[in-house]
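Quick heads-up: it's one chain on its own, the form predicted on its own, in structure tokens.
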């Protein structure tokens, strides 16, 4: 029997055929890009920017991974390193020096060769203090990188990065970094095109026009054709990409829909091939009636709330603990979040490269009330009105409303809700212009340090105002320790401090759920949600 979804897709195809005959199109002016082999991808939100050294979100990384390529890639199923701009590499016996051999045919989208100096320029840019990049710390494993970022050294030649010739990049590490190659798929390590950046502003100037369509020069399998804010980003084949013959798609159209219901409706009528997520209250329906289009995979991510520790009332650890203990995660996940996700009693997802935190924060209303009273707010009396900020999304709203009700009932406090669109929300969080803010962290690579390092003092991704010298020391110890057991012991102690002082409230551990049209092939699952657009093909296009 034909399902309703399939019937709608057939109707859409008939519409497209008829529209082609009269010069129109079901997708409106998207028809200008529709070759029958363009992937229509729901991307969840309007990107903050397309500058690899400015952005921090999954939304942006998806687009950047189509427009840029690092020294190494990753197998989308196993996450094992694969050749990228570098066709091969050598590693010294002590694991401290990597020599990358760049391929001769690596080119930018304007035809310029990709050279070793392009990587050094990019790394100097992200590490320059004036750039104020939130992700600069990703490069701190490179010898001298932190010292350069902190101004202790001023000559980038003293950092552990060298280009002995145009096709060779040598990286010297501060300490053994077992996940170093895996990090190369992260935008913080991508090269950038020096002439383009400096044509539209200074090297460290943020928000310039170099990332706009017609200006952006990338080195990925696609190039930026059009960017219409809050409507779409169109990426089309890069004719200069070294492995262009292996690319199946003609391009990708990224759609910035904040609301999962909007994505779901557009998917049902064939306007999207892939959604960024699934509406929780529709998950069971799809699982029951259309399991062939529902995807749900393990995902190395944690949903949590940040607390602004720089101002009352959350500058008081007793108040932070009270809010954490008054949140019934089991009930919230069972009745609101659903989709196979798990309540989070700690921050790092369980079994992250073999690490599972042994310390937890639970649900204890009596202790929460005692702590709030001890802080001077018995039964919530005199407690100031606080606001919970979240980025626009029906699912975030529903979770926030549930948390709001739990805190009101358990503590007698008034929590107001406020939503902002993605870019404004990110700026509010960065400027600490919030009381409580909805947050999520997805691992940049498969190691617990990617979760815990971001709460060190002055880390660009901390954004809570919290600082602990003891925590910083334990993270530093873990970073420079090669022995796995010793590393994990230091991280256990660090996460215990995080869960005792609670600048954050863990809520749940993610799974990655989305809707995918039957004709989409080669979109592999992995813990990081990393997408290799090179592997993806549309079956009907291949058949045609």
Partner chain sequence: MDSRAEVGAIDARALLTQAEKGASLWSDAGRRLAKNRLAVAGVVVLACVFVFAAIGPFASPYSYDGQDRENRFAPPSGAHWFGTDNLGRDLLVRTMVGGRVSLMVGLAATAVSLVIGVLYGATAGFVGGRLDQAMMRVVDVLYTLPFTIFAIILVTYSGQSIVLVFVAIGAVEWLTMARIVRGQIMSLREKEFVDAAVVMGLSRRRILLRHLIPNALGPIIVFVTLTVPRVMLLEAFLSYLGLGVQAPMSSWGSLIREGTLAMEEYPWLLIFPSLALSLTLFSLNFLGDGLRDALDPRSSKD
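Residue numbers count along the first chain shown, from 1. These numbers were taken from a predicted model, which means no experiment stands behind them.
Keep in mind that the form predicted in complex with the partner chain is not shown, yet the notes after this line are about it.
Here is the short version: of 367, 75, 198, 398, the single residue with a heavy atom within 4.5 Å of the partner chain in the model of the complex is 398.
Residue-level contacts in the model of the complex: of 277, 404, 168, 215, one residue has a heavy atom within 4.5 Å of the partner chain, and it is 404. For the three marked residues, 268, 334 and 418, a heavy atom of each sits within 4.5 Å of the partner chain in the model of the complex. The stretch among 77-85, 157-165, 326-334, 344-352 whose residues place heavy atoms within 4.5 Å of the partner chain in the model of the complex is 326-334. Put simply, residue 91 is far from the partner chain in the model of the complex: not one heavy atom of it is within 4.5 Å. Under a 4.5 angstroms non-hydrogen atom cutoff, the partner chain in the model of the complex lacks residue 470 among its neighbouring residues.
The partner chain is not drawn, but in the model of the complex it has a heavy atom within 4.5 Å of residue 285. Taking the partner from the other structure, the partner chain in the model of the complex has no heavy atom within 4.5 Å of any heavy atom of residue 434.
Residues from 374-396 that approach the partner chain in the model of the complex with a non-hydrogen atom closer than or equal to 4.5 Å are 390, 392, 394, in the order they occur in the chain.
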